[in-house]
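Presented as structure tokens, the chain that follows is alone, the form predicted on its own.
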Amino acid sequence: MSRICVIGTGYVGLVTGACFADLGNTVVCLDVDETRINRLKSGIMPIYEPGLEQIVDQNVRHGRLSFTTDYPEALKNAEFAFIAVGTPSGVDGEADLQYVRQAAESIADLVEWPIIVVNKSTVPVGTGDWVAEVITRRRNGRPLDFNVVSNPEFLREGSAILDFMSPDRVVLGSLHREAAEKVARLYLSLRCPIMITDLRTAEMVKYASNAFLATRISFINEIANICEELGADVREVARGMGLDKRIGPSFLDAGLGWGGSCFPKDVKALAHMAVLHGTHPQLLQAVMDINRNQRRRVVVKLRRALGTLDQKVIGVLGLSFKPNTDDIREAPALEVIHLLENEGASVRAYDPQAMQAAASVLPRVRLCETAYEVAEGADGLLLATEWNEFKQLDFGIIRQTMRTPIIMDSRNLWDGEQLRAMGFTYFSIGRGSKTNGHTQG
């Protein structure tokens, strides 16, 4: 089995390192964040991801997985160095590659044996060539036998372990096929399709995939808005579309739009790259515009129902950008809360996992311990994230404790007919029904 160094213990790096160790490799995960590494050594995970804590603990106990802040220790005798550091967005959507540069320069400074450098971070097209140049320049004439391979990640938060162990495909890109084939051997036991191509094509596969999925979500949300006006049910529309084998059912759930650490950053970065190289990414711009507008629409619905949002109490259920994660990066709920607060509303919220992360970025929001506490005395209740525990709430209790029984079901989770029968004013996304000549969403 191979000796692997994974640089970066964020979402991608930690999952990648733990899963490679579980496949029998010796893996050292490195991070410059000393607090994070010390917590990992103590078995404390920096993120919530189902199954991750168990797989980390198991492989640490078996001596296949370790953590360090020391580059020489991490890189010692490594055959593969996976760069899995953050690439945050700049003002115009450009990816910040400073951490990728630091990792590449450290490899150049310390390695004196053949090594394959694998870009696992989501990076702009052309970064593989750039990393090779950074290493070569840093060596300053000292030869090093190395190759760069692009290996974009396709891990979904909430199901990352499954996605690594049972992937739809593994994409590898390199100017040196032999290097890509060596990386491919790390994945052979997974028995999945492995695509080997050139560096830039592999990098583009990642951006194109995420942009397409974001486009599907924005498309169904635009259809949902039309459904509301025409009295159609977007859920049935999506079902009818999804039965077409050319379309399929995935990513056709109307709601608050896409968020998280990948889609917003990647769509914006791809649009930025397109503009820089003289093309006109009109579709990508529309995809982003529709997504922003989707958050505003739910605020408009609540304002119309209440007459004003000023001094109203709005309860928000769910803060993470999707269920089964504590990640609040670009979460739709945060933007909705910001819009509500700007109109004078007082917001209270609850999330099963994201409360700690939300506390520092939502200083004016009252964070509650249960969904029922959120609803107590509220003028409106907004579902932002469709956690399982919200599916079977006791709406009899909620109806009794809310000041004004208005529900904004932004994920189409609940039975609107039943809630209306209980006395709620109920709104959803794209579920138009004609009542007395008026359309209700």
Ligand code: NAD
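Quick caveat: nothing in here was measured; it's all calculated off a predicted structure. In case it trips you up, residue 1 is the first one in the sequence shown, and so on.
There is also a form predicted in complex with the ligand; it is not shown, and the following applies to it.
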item	value
In the predicted bound form, the one of 20, 11, 424, 427 near the ligand [non-hydrogen atom within 4.5 angstroms]	11
Option touching the ligand, based on a heavy atom within 4.5 Å in the predicted bound form, out of 84, 267, 149, 131	84
Contact label in the predicted bound form: residue 413 to the ligand, heavy atom within 4.5 Å	no
Non-hydrogen atom contact residue 234 with the ligand in the predicted bound form at 4.5 angstroms	no
The ligand contact in the predicted bound form: residue 379, any heavy atom under 4.5 Å	no
Exercise: residue 197 in contact with the ligand in the predicted bound form, heavy atom 4.5 Å	no
Candidate stretches 238-246, 255-263, 364-372, 141-149, one within 4.5 Å of the ligand in the predicted bound form by heavy atom	255-263
In the predicted bound form: members of 130-164 within 4.5 Å of the ligand, any heavy atom	153, 155, 157
